[in-house]
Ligand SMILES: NC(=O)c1ccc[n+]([C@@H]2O[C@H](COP(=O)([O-])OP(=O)(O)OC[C@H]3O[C@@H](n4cnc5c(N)ncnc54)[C@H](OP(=O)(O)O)[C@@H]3O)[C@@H](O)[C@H]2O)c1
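In structure tokens, the next block holds one chain alone, the form predicted on its own.
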């Protein structure tokens, strides 16, 4: 029952997709600070390598950059082949990589729709599918492996912003999480989702010119999410403390969804 045992994740191996910035970086940092070896992915090689070095130096831990494009089957296959060449197994897979696309309803393009759906939904299914043998290798009833899919409150509520594929994709992520959880729990792989509200990120920042003051004023907690908020929830789900949580979609949003009636349009 001690905290050091309930929330211990040290010695584990994790993959965090989209791990070079935003929520992915927060999750990677939380793992590294607590003794997890972390592989991070992103498309932009230089920025990814720089971030991995920064995090490795900051936490005195192994953060390994793997540049790849997970929106394509070829990119996923290359990544899985690389992981198989480096590790016998993995313990945690955090499916965080995502994209958005905003256009008016009458002009919303197939290119934007497909880009969002391919990365936000299809890649989660196929990357998890391809990594299942590595996830299951050392998983046991006492110490299961974990998959965490990063959804969004925009998949729980109807947003005002015209990013039609994004909210739709995140709702799909939430339901896909439940479907995958049912299939994989028998292999001692626990699948859950987190639905973040407003956190500092390039995606949200670009939409509000990196001025979060209005978003903060509308939030029941009167602030946006912090790295500790996201890292703490992920560590809970990946530790002994979260070993009985399966197929859940957990909002991390300061109360936007739970207290209802608040405008989620900027989330």
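This one's a predicted model, so the numbers in the text were calculated from it and none came from an experiment. Numbering follows the first chain given and starts at 1.
There is also a form predicted together with the ligand; it is not shown, and the following applies to it.
Worksheet item: Should residue 218 be counted as a contact of the ligand in the predicted bound form, where contact means heavy atoms within 4.5 Å?
Response: No, residue 218 stays farther than 4.5 Å from the ligand in the predicted bound form.
Worksheet entry | Distance check, residue 65 to the ligand in the predicted bound form, heavy atom within 4.5 Å | Contact check for residue 65: no, nothing within 4.5 Å of the ligand in the predicted bound form.
Practice prompt. Check whether residue 69 has any heavy atom within 4.5 Å of a heavy atom of the ligand in the predicted bound form, and answer yes or no.
Written response: Heavy-atom contact with the ligand at 4.5 Å: present for residue 69.
Discussion item. Using a 4.5 angstroms cut-off on non-hydrogen atoms, would residue 199 count as touching the ligand in the predicted bound form?
Written reply: Yes - in the predicted bound form, heavy atoms of residue 199 and the ligand come within 4.5 Å of each other.
Worksheet item: Would you say all of 12, 37 and 177 touch the ligand in the predicted bound form, counting a heavy atom within 4.5 Å as a touch?
Response: No: no residue has a heavy atom within 4.5 Å of the partner.
Worksheet entry | Heavy atom contact within 4.5 Å of the ligand in the predicted bound form, the stretch among 80-88, 105-113, 164-172, 139-147 | Looking at the other structure, the answer is 164-172.
Worksheet item: Along 143-160, which positions have a non-hydrogen atom within 4.5 Å of the ligand in the predicted bound form?
Response: 150, 151, 152 sit within 4.5 Å of the partner.
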